[in-house]
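Consider the single chain below, provided in structure tokens and representing the form predicted alone.
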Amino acid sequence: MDDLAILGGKKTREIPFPKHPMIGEEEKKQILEVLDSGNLSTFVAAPGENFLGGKKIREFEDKFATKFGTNFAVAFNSASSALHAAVVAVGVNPGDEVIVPSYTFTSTATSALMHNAIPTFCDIKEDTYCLDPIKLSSVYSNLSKAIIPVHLFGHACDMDEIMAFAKEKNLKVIEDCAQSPGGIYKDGYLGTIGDCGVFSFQETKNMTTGEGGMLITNDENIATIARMVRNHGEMIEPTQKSRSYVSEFLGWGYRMTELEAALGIAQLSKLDYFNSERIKLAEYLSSEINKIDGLKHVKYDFVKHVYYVFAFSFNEEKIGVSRNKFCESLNAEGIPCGAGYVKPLYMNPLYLEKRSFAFKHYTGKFEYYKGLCPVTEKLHEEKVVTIAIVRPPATIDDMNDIVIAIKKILDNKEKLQT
């Protein structure tokens, strides 16, 4: 074979992978309906009805709730906003602790800080990279009030064990489904197992509104508070004649627009297709990668993995080169990949130096330091490889280019050691 691209050889793949997200005529039609109506938000158009959002927002929420079988869906301008609202809505108070995994996007943890509560980081499992329920007891304290399990990369957490622990300790559960819309744990959709679930529609996600988020729940009180949090803390009753501008509590401008909701309606109708294509591509790639001693992708039989990102573990001892050199070489071959994901959240200055106001009045004892979550640190520093292009409109032929590039690197790995 040709020399490795990192050493000056020809790339395995010269052309970019197909562009994502997939936008079609359905999305364009929805957007034009909003533009023609002239109602871009309508949250301030009239009292009562406007508290629940405009026509497209309410339609998107209704369709989303129906899709996942919940009583309520509340749209937001981002999943980060929805997570913040969820922390408020489930009854977490300033000074309380919220248990979160150590390997996740920043918003999972900062949603607690934004309400002056403290995130306490739990280590993860080596195979799925999700929160390890066996480690929950080690981070629990009498200040713990909630758990935010993250279905990372699209794979479900061990929800039976997490829910059992939450029930025993009287904790609320907020499922972070930002990377797992349509994922299933045993017989239930992710986001419907805990007290509420939060989804992201940011541009890279399985379905998109550009930016945006959704909270789903069967608890009317959680839904009501979430609606108030997104609308400056105001409660406007349907029968109210005029807006009072009375804030019941501290709220924010977390409202989704009609344009975003319109995109969401079209994208939601395609979610099952998008996910099925991701699964098809990922299963092919998984079958090929798992033939290589030293590379391993894991999916539990009782979950529907929706593959926001395709992640696998790398064993340097068996492969013979470092994970970082492998990823550098794969990128050089024209295959975008990542060496790890985000670094363990507690290693950020925000936590190490306790830069948030939330720490000023914290009476607990939880500390942040290197070594806090050893599994997370080892996986991130040495073992996890992420590939974000395993998604439609890519094809099996595109996946085969990934496999060819990996084999090319491994067949020539001795050249990387000189």
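So that there is no doubt, residue numbering starts at 1 and follows the sequence shown. Note that the coordinates shown come from a computational prediction; the quantities given were computed from them, not determined experimentally.
One more form of this protein should be noted, the form predicted together with a small molecule, which is absent from this view; the next part is about it.
The candidate spot formed by S78, T104 and S107 lies fully in contact with the small molecule in the predicted bound form, as each residue has a heavy atom within 4.5 Å of it. Checking N290, N331, S322, Q202 against the small molecule in the predicted bound form, a heavy atom within 4.5 Å turns up for just one residue: Q202. Screening A178, A262, V100, A85 for any heavy atom within 4.5 Å of the small molecule in the predicted bound form leaves a single hit, A178. Contact check for F72: no non-hydrogen atom falls within 4.5 Å of the small molecule in the predicted bound form.
Mapping the unseen interface onto this chain, G194 falls outside it, with no heavy atom inside 4.5 Å of the small molecule in the predicted bound form. Contact check for G212: a heavy atom falls within 4.5 Å of the small molecule in the predicted bound form. Using a 4.5 angstroms threshold between heavy atoms, V150 counts as touching the small molecule in the predicted bound form. Figure note: of the listed segments 107-115, 89-97, 156-164, 181-189, the one touching the small molecule in the predicted bound form, with heavy atoms no more than 4.5 Å away, is 107-115.
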